[in-house]
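Next up: the same protein chain in two forms, each one alone, written as structure tokens (structure 1, then structure 2).
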Structure 1
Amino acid sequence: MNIHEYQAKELFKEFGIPVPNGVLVETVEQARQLVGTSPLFKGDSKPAVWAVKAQIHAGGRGKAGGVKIAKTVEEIPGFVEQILGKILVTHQTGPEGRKVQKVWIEEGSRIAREYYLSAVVDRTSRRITLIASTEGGMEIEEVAHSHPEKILHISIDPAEGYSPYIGRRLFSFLGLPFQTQVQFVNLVRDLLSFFQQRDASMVEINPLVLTQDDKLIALDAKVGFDDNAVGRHPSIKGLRDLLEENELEIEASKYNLNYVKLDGNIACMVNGAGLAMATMDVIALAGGSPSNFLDVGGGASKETVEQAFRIILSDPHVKGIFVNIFGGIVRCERIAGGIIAAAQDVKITVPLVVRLQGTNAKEGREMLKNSGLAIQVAEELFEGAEKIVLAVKGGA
């Protein structure tokens, strides 16, 4: 589960990680009001500049015009107006982009240098790994590619946990000024306790800035949580922003269906995640383009299949459906019964190919053939994919 920058910064603050002061607005009116009242914009200690930042769950906001620097307080509402409601298209949003619903306004920092610091669960070492780089502000994948020597990885032994020497190693690698050592070492400690205590899967500070008066500040904050662990952190669960998620995916999750929307036009419905991925691949191999990933789980009961059909058909791009079920513990004739019942209830207006294999598959396929419904039946996986691709291309 991902959260917004402003939420990540609030959590950072709670854990003692320094962040710029800021306010969140959801309307231009709010921005106008706050500019007149909040200490962030008034008095002698007010900052010289402000950053006005679009809040969406995707990187690359700056390049897409989602971040503006205001040099006067008066400019701020205008920038908020420009950004709010705008569709930002970045390399992480896909071509459809993401609509900005919230804007974060924060004090600007006088930056001397930018660094990179993150923590992830590294599957190779099977540990939390801290990653630091002197190349702040750049995509870490790019740095890893062009200048791997500018990155230091340190894996944390779960039996040992954090120890200050780890912070000192990262500190000397980054070449930070000596007077910032205590600040930095504490920051690494706090980052790690946040990661562990809240079951994060990824915490990225890019850039971590050194200001001209030798302060370290997390200028940006990107945080993801382990979906499997969100349940044990009610406060984190509450940070989920449904506006950032695909409507069909939200709908599917209500029925315990694992659905991921893709760009193609052939829908698939499969039992099991691995087979679901393989089914998408086979659709592509047969010359088609999958419109989704959908794992209906082991049961594939009438109710699940019915909900799955409804969700699939809510995607206007879908021109055909390929159901691929490997009947194991649940026998194929029961699955066929479920499909027939669901197909009768949900009006299916596009070609439907069902491939059944496994326990009592023959009986299941006979039932489908004799159902009187316009269902094409397949025995093999590739055969099924070819049939649906042909039906969609032929416009049948």
Structure 2
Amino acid sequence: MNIHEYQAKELFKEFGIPVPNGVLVETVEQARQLVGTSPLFKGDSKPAVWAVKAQIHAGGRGKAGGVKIAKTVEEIPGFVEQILGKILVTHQTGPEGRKVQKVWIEEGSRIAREYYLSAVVDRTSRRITLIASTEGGMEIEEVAHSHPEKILHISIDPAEGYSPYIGRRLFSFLGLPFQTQVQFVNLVRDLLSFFQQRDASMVEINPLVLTQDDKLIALDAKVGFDDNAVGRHPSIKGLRDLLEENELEIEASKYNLNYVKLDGNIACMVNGAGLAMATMDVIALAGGSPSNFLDVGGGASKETVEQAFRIILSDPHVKGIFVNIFGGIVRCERIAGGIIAAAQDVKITVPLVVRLQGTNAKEGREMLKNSGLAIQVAEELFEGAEKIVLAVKGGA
């Protein structure tokens, strides 16, 4: 589960991670009222500039016009009006973009240097890994490709946990001024505490800025939580913004289906996340383009298959469906029966290819062939991918 920047910064405050002061607005009228009443915009201690930032669950907002710098208080409502309701298209939103529903206004910082700092779950090492770079404010993927020597990874031994020497290693690599060492070491400690205590899967500060008066501030914040652990944190669960999620993904979650919308036109229905990834790769290898990731889980009952079909067919871009099931705990003839019953109820109007393999796969394939439904049956994975790609391209 992802949250907005302003929500992440509020959580950061609870753990002592320094962030700029700011206010959230959802209308231009709110912005006008706050400009006239909030201490952030009045008095001798007010900042010299303010950042007006679109709140969406995607990076690249600045390049898309979602971040404005106001040099006077009077400019702020106008910038809010420009951003609210705008469709931002970034490298993370896809071509359809994301509509801005909220805007965060925060005090500007007198920036001397920008850095990158994050913590992620490294599933290869099965540890939390800290990532730091001297190239803050840039896409870390771009830095990793062009200048990998400017990135440092440090895995945290779960038995040892965080020790100050880890922070000092990162500090030395980044080349921060000596007088900021204690600040930085404590900041890394607090970041890891937040990560572990709130069951995060990714926490990113980009940029982490050094101000001209030698203060470290998290100028941006991006946080993702482990979906399987959110139930342990009711306050965090309440931060979920359904307006930022795909409608089909929300519907799928009601039935415990793991669904992710993609840009292609061949829908995938698979039991198992690893098999789903392989299925999408093979569809691409066969010359097609997957329209979704959909894992129906180990059961693949008639009910789950039927709901999966309904969700898939709700996407107007879907021109064909490839069902790829490996029968392990659940036997293939039971899965075939569920597919037949679901297909009869849902009335599928696009080409459907089913590949069954595993326990009683032969019996399951015979059931599909004799069902009287327009179902193409495959035995091998690439065979099934080729069939659905040809059916979609041929309009069969």
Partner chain sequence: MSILVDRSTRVIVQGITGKEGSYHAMACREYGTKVVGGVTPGKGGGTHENFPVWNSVFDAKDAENPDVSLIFVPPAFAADAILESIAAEIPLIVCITEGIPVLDMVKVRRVLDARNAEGSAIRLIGPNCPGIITPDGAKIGIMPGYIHNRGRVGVVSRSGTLTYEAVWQLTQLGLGESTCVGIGGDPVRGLNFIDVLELFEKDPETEAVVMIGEIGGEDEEAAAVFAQTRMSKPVVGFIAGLTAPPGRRMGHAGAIVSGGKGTAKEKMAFLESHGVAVVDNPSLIGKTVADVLASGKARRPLLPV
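Please read these numbers as outputs of a predicted model, since none were measured by experiment. The first residue in the sequence of structure 1 is number 1, and each one after it adds one. Rigid core here is just the name for the largest C-alpha set that superposes within 1.5 Å across the two forms.
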Practice task
Identify which of the two structures, 1 or 2, is the form predicted together with its partner chain.
Solution key: 1
Practice task
Determine, after fitting the two forms on their core, whether E81 shows a C-alpha shift of 2 Å or more between the two structures.
Solution key: no
Problem - C-alpha of A8 moved at least 2 Å between the two structures on rigid core - result: no
Practice task
Look at M280 and decide if its Cα position differs by 2 Å or more between the two structures after superposing on the rigid core.
Solution key: yes
Fill in the blank from the handout: Expressed in angstrom, the C-alpha movement of D263 between the two structures on a rigid core superposition is 3.5
Exercise for the section: Could you tell me how many Å the Cα atom of L373 shifts between the two structures when the rigid core is held superposed? Expected result: 8.1
